[in-house]
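What follows is a single chain, given as structure tokens, in the form predicted on its own.
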């Protein structure tokens, strides 16, 4: 099954290269994404398969992350058809660049599939580096100066981060001795590993892959990259790439003593929530605003993992909730930017009056990402708070609650101004099926996760929380 999962994005690359028009390339990506999603669903029913001499292995945790990657990729590929059609009609981009978008996107997805399927940590490191190399051209797709600066910044900072992660692998190898560096062997030999090198390995993993996750203070590449990439690429960067970096940290968690790892995760988690809380109020660009929200939500996940206990399954649930809500917002933001001709928040006004569906989607997405009921993120953020209090982290839990309230107020202000505010009357085009349908699906999914967390998903998250528990 794993080779078939890898074949889907490879087929998308080949079809994009052979295509004569952007529409043929888009069709190839949609077909490949549908194949990947189908394979991920089938694989999710019978986890734990291996391939290529056990270099690749897909367990239940990997299947969970793979389903998110495949689902987001499919919706973004449908959206991209309508998005780039508008871009071409507006003369903002040429057909050759649209074809290259599909080539790089499928390579990007291929590298993420390898990340979630990697059994050996060294192979996973290579795959994470590949995600950087394949996604950087997407940031520079329009070929302007700001895109080039953002792409170089992304490459440089994430390359430094991945170098730290490589040092982590070296320290882990020193700690493990003759134990294979696989995520199944290391937990079994945890008591035999050298604790000094093991702690150094986790610190370098956390800083290295934490840079890729956008954790503060290593987050500086993220607002620039997410604001310059095309909307479907921004959605993929935020909705699934950050998760892949998180998974790389989770793979060594069972071998690390909790007394050492938890305080580090709590520190990076609360810092990653505090930085956006301080900076969101001065943002003027809608995509940079959403990028800071990604930093905040990765901080929430890491904080929940640091709290442990009941907060751990809630943190894993928040991975899904964040992907759903953030991809929704990036897709709606991309559609609005095309229609208003600007990314400046103060120039995007009166959406509800001009286009009620877009207004509902944007405001619903903002409520969802800020953890408002009845959307799914409410339960995951609440579960992390309860877990923190139950674990005796009263001061950090209080700070977490205050910072969430600050962020909620800021996002509500921006959302209200854009959706309900008075602006220059303009004629927005009618509903664009290819752009708005994926956003509608995501809004309903977030609402569904808030009104009814499926029993099967809840049990799965409880099992996964034991898989990623510290030793």
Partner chain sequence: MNTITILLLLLGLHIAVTERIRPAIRSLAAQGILLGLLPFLAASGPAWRAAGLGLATVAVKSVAIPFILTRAVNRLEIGQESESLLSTKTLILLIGALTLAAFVACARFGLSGQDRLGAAAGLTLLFSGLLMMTTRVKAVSQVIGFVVLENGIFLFGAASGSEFTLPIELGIFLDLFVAVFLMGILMFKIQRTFTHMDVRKIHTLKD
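Keep in mind that this is a model prediction, so the values were computed, not measured. Positions refer to the first chain, counted from 1.
The same protein also exists as the form predicted in complex with its partner chain; that form is not shown, yet it is the one meant from here on.
Taken together, the three residues 133, 146 and 164 all lie with some non-hydrogen atom within 4.5 angstroms of its partner chain in the predicted bound form. In the predicted bound form, no heavy atom of residue 393 sits within 4.5 Å of its partner chain.
Interface membership of residue 152, defined by any non-hydrogen atom within 4.5 Å of its partner chain in the predicted bound form, is confirmed. Remark: residue 79 does not count among the residues lining its partner chain in the predicted bound form, judged by a heavy atom distance of 4.5 Å or less. Taking the partner from the other structure, its partner chain in the predicted bound form has a heavy atom within 4.5 Å of a heavy atom of residue 283.
Here is the short version: of 398, 156, 185, 357, the single residue with a heavy atom within 4.5 Å of its partner chain in the predicted bound form is 156. Residue-level contacts in the predicted bound form: of 92, 346, 192, 196, one residue has a heavy atom within 4.5 Å of its partner chain, and it is 196. Across the options 231 to 239, 275 to 283, 262 to 270, 294 to 302, residues that bring heavy atoms within 4.5 Å of its partner chain in the predicted bound form belong to 275 to 283. Residues of 101 to 135 placing a heavy atom within 4.5 Å of its partner chain in the predicted bound form, in sequence order: 120, 122, 123, 125, 126, 129, 130, 133.
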